[in-house]
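Single chain ahead, written as structure tokens, the form predicted alone.
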């Protein structure tokens, strides 16, 4: 399999963590987002959205969207499980993950920030707006897991919620957010970073890191 991504993409980062937890070795193919390589016709034929990540299976099938890829991995390789078996608990984990992947991340990514600049917002204002998006979203996430057992987001083993959380906290720090205001989230992140599957997926450890 091939994972098409970019070292700094938090969506690709999520999939790298999931692949590591499932102990899968894949070929990593980088598409430099700041250079527009995701809009190359050959890549658009694989992923018409021109986004990363894309997981290209051995038979050429292309899977897109990080959460869909991660759930496919969990359904085809169920151990270790990334979602609880109880339907209610699964819904809670999915809600947390989607709060990050669907609400926080999309409105602070490179494409949106570039559009803000095109509309006349200077760089500092665009970055301040991205920081506020992170604060608002992560504040809600802090409350979602405030009373859950730990040390991870939803118990004593890492799962989909942690896979989404760790890259988003990385994003928040890039936007100069004081993450000390999220102690429960930091507790889950610390537990996750004890594991090689999370450490090895960080942007600085990727071959295309700059």
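The shown structure was predicted, so the numbers you read here are calculated from the model rather than taken from an experiment. Numbering follows the first chain given and starts at 1.
The discussion below concerns the form predicted together with another copy of the chain, not included here.
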Residue-level contact is defined here as any heavy atom of the residue lying within 4.5 Å of another copy of the chain in the model of the complex; does residue 157 satisfy this criterion?
no
Looking in the model of the complex, any heavy atom of residue 110 within 4.5 Å of another copy of the chain?
no
I'd like to check something about residue 33: if you look in the model of the complex, is any of its heavy atoms closer than or equal to 4.5 Å to a heavy atom of another copy of the chain?
no
Heavy atoms within 4.5 Å of another copy of the chain in the model of the complex: does residue 133 have any?
yes
Contact segment among 24-32, 178-186, 147-155, 53-61, judged by heavy atoms lying within 4.5 Å of another copy of the chain in the model of the complex
53-61
Is it true that 174, 190 and 203 each have at least one non-hydrogen atom within 4.5 Å of another copy of the chain in the model of the complex?
no
Using a 4.5 Å cut-off on heavy atoms, which residues of 69-86 contact another copy of the chain in the model of the complex?
71, 72, 75, 76
